[in-house]
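The chain that follows stands alone, in the form predicted alone, written as structure tokens.
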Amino acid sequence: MATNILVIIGNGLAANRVLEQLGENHPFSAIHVLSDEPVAHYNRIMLSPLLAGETTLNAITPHDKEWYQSRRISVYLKQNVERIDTLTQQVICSGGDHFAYDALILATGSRSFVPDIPGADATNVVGFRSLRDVDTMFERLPDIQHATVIGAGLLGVEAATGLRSHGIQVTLLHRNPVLMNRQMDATASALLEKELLNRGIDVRTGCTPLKLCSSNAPKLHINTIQFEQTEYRIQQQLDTDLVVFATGIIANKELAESAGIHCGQGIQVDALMRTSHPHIYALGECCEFNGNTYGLVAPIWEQASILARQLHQQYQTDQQQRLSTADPLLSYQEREHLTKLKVSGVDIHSIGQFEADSSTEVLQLLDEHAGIYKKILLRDERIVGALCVGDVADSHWYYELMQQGDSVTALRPTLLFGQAYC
């Protein structure tokens, strides 16, 4: 058994996935996971059902103490890392604890982006990224009659529906005319908006927040949102008790930056998830590869698999074992992923390109009454994108066809009807 020690800063999805991929027979004598949260790892993907009251914290906590013990993993909660000493290879926490490492993984994740507008630092303004955010919303529910969610991307839509499920009034503001405009087009947006309106959510698109106003400034408690309808340049006001920002994320790179590790928008890594410093790796929402940062699960899963194999190969002391795990072709590459949104009453899957251009041909099917919309984009008779709303049964098949890159000429007549018809 090797005497190497692995330290992981962060205890979110990326960190947990690496631990799962490393398995019980990993090459480290001990793994120390440092978390700034007070609770064990939980599945952040399930924050929306947690907010909606559809699940519990225990139900979204995947591993027990025995799981960690069998893998020689120690988790340290409420450990705020102050700095990384790359010369002595130590992680120093604000409470005074020091953790020596042979390998270090930065899985520090991201935080909600909050626009720099007046009033954004008020006590009833939150993001939607962590259990802490959900707890804050739960604490305020008894005093809330109206909540405003700013940003109608994936998380914004989920936050709005989660809050609405508690019986309070919810307004969803979005700067773009199209909801979830990074994953779908105007037609799909209209179907989603119809479903949200049916749920009693007030949807307002093409709106830019200008100012969060308070009538009791000393308490920094927002009462009114001032926003502008971009198309008509009309300013309006909206009374509210809670403001939730879901307007994007910022990579938590500051710790790495202060240690002299190269950073751009995130912590820069190569195709093996290595940073600019020896023995230090990064993955997930805190990292940047070839100018790209990440907010979806699928690429992070791939990064975790690659990093786990890299660690096995790099730190395995048994030479024969190292040779058996060597695989120079296993490296991270950018590729299209399947994005899923599930709100009760509507399923949306988005893959690759969803807006046509001069080089693409579009096949589409729309049944507004049934709430079904399918759109497939072809280039040179090969799928380059697909959008499925309402009926997502064949989205994985479309994804496989796109990944394979084969011609779908023979399937064209029935492609929109799915694999069973083809």
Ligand SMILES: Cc1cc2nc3c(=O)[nH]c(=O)nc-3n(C[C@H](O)[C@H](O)[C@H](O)COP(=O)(O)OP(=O)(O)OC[C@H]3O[C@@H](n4cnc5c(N)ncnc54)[C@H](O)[C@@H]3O)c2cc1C
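Residue numbers run from 1 along the displayed sequence. Every value quoted in this text rests on a predicted model; they were computed, and no experiment measured them.
What comes next is about the form predicted together with this ligand, which is not displayed.
Item to check | Contact assignment for this ligand in the model of the complex, among V297, I144, A190, C213, heavy atom within 4.5 Å | outcome: Answer to the contact question: V297.
Checklist entry - Using a 4.5 Å cut on heavy atoms, which of R204, K342, R274, R199 is close to this ligand in the model of the complex? => result Result of the distance check: K342.
Next on the checklist: Under a 4.5 Å heavy atom criterion, is E158 part of the interface with this ligand in the model of the complex?
Outcome noted: The answer is yes: E158 has a heavy atom within 4.5 Å of this ligand.
Next on the checklist: I'd like to know whether T108 contacts this ligand in the model of the complex, with contact meaning heavy atoms within 4.5 angstroms.
Outcome noted: Yes, T108 sits close enough to this ligand in the model of the complex that at least one of its heavy atoms falls within 4.5 Å.
Checklist entry - Can any non-hydrogen atom of Q183 be found within 4.5 angstroms of this ligand in the model of the complex? => result Judged by the heavy-atom cut-off of 4.5 Å, Q183 is well away from this ligand in the model of the complex.
Next on the checklist: Although the partner isn't part of this model, could you tell me whether L401 comes within 4.5 Å of this ligand in the model of the complex, counting any heavy atom of the residue?
Outcome noted: Outside the cut-off, so no.
Checklist entry - Among 226 to 234, 191 to 199, 265 to 273, 251 to 259, which stretch has residues with heavy atoms no more than 4.5 Å from this ligand in the model of the complex? => result Contact criterion met by 251 to 259 only.
Checklist entry - For the stretch 51 to 85, which residues lie within 4.5 Å of this ligand in the model of the complex by non-hydrogen atom distance? => result Q79, N80, V81, in sequence order.
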